[in-house]
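Below you'll find only one chain, the form predicted on its own, shown as C-alpha cells.
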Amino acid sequence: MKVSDRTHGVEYAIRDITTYARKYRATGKDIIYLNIGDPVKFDFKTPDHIKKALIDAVTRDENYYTDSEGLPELREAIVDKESEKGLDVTEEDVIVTNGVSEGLDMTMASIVDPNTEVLMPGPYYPPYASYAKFYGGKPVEFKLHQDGRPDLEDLRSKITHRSRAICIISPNNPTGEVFDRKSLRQLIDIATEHDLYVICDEIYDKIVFDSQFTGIGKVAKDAPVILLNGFSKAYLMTGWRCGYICLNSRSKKLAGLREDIPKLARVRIASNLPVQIAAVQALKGPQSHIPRMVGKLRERRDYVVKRLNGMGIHCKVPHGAFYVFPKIDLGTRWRDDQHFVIDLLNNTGVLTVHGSGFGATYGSGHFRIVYLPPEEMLEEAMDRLERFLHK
C-alpha cells in the first residue's frame, strides 16, 4: 500500500536511538538513560498542589470538552506570565495545545508551503526540521559563534526569497545556550527587514543558571513573533502534555495566523481539560520547587562538565536547560558520531544521542547528554564513559 512521502523526512533522533537500546536491553543488561529530557523520570517530581488540582478536577467530573482555544482561566494565567516576561499578548492571542510539539505542528502547518525555507541555528531541536520538511519546506541551518551568539553574517547569507521564518529555542536544546538581549534584538531586526516570522520556543525559561534570561517579548516590538511555551519542564508535567502558542498582539502581520491557527485548534477538538485546570494552579500556585530544581541541576551540570573535560572531551558550560553537547574526537575508531553513540551503548549501557541528529552541519562530531539523573547515576555513567574511551 502507498505511504505518504511526507513521513519519510520525519526524524527524531532523541527517541529513534531507543531502537538500539531495546536490542541491548533484551540481553538483560542495565541501561543508564541519558537521552530524553524528562525530569520526572528521575528525582524531580510534579509538585503536590498541581497533582491535587488534576485529581480534584477529575473527581468533580470536569472531564468534558472545553473551548478549543483553551480554558479561559488558563489563557488568562498565560497572559499574566508572558506579559511579565515582556510580550504584548491578550487572551485572544493564546491557543492552548497538547504540549509544545502540537503548537509547533500547528505553527508550521500554518506558515510553511512547499519549497519554502525555515532558518534555524545549528544544532537545532529535531522536530523543527521534521515539521518543516513534513509540510514541504526545507530547514536551513545558520551558524553560531563560539560564545553562542548568532552569526548574523552567516544568517543573512542564507536568507532567500523562499525564506519564511526563523526558529529559535532559548535556552537551547541541545546546547544549553541562552541568547542575550542584544542577540534577540538583532534576530528580530533581521526578521523584520526580510518579512520573516520569528518562532521562539521558551520552554526552558525558568531553568537558567549563570546568565540573565531575556524573553523574546522584551525586544519583539511589532514583529510577527510566535511564542511557544509549556508546562513540561519547569512545572514537571512532561507526561501531561500541555503547552501553548502566544501571538504578539502588537503585530498586524499575524492577522492571518489569528484566523487560521484557531481552525486547527477546533478541528482537533480541544486539549485535556483536567490538565488545563491543573496548569492554572501551576502558574498561580507556589513556585518554590523551581529554585530547588535549578540548584540541583546546576550541581549536576558542573559535575558532568568537569568529568567530561577531565577525560579530554571538550565540553562547553551550558547556561540553561539540562543538556551538554560535547565534541568528540572520532579518530579512526568511529565512522561518525552515531557509530560512537551506538558503540558506547553496546559496550557500557550508557545511552546518549548522536549530535548529527540535531543537524548534520553543526551537530556532527558531537553527542548530547542529559544530566537530569542523581549524581551517583551520573558518576557511574561518567566512569563507564571514561573506561570506554581509554580502552
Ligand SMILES: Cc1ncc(COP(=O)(O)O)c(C=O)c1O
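Everything numeric in this text was worked out from a predicted model, so none of it was measured. Numbers for residues come from their place in the sequence shown, where the first is 1.
We do not show the form predicted in complex with the ligand, though everything after this point is about it.
Here the chain stands alone, but in the model of the complex its contact with the ligand, taken as any heavy atom within 4.5 Å, falls in 195 to 203 among 262 to 270, 106 to 114, 144 to 152, 195 to 203. When contacts are judged by a 4.5 Å heavy atom cut-off, residue 125 counts as touching the ligand in the model of the complex. For residue 211, no non-hydrogen atom is located within 4.5 Å of the ligand in the model of the complex, even though that partner is not displayed. In the model of the complex, the ligand sits within 4.5 Å of a heavy atom belonging to residue 323. Looking at residue 173, you'd find a heavy atom of it within 4.5 angstroms of the ligand in the model of the complex. Proximity of 100, 233 and 241 to the ligand in the model of the complex is complete: all three residues have a non-hydrogen atom within 4.5 angstroms. The contact residue chosen from 166, 78, 169, 225 relative to the ligand in the model of the complex is 169, the criterion being a non-hydrogen atom within 4.5 angstroms.
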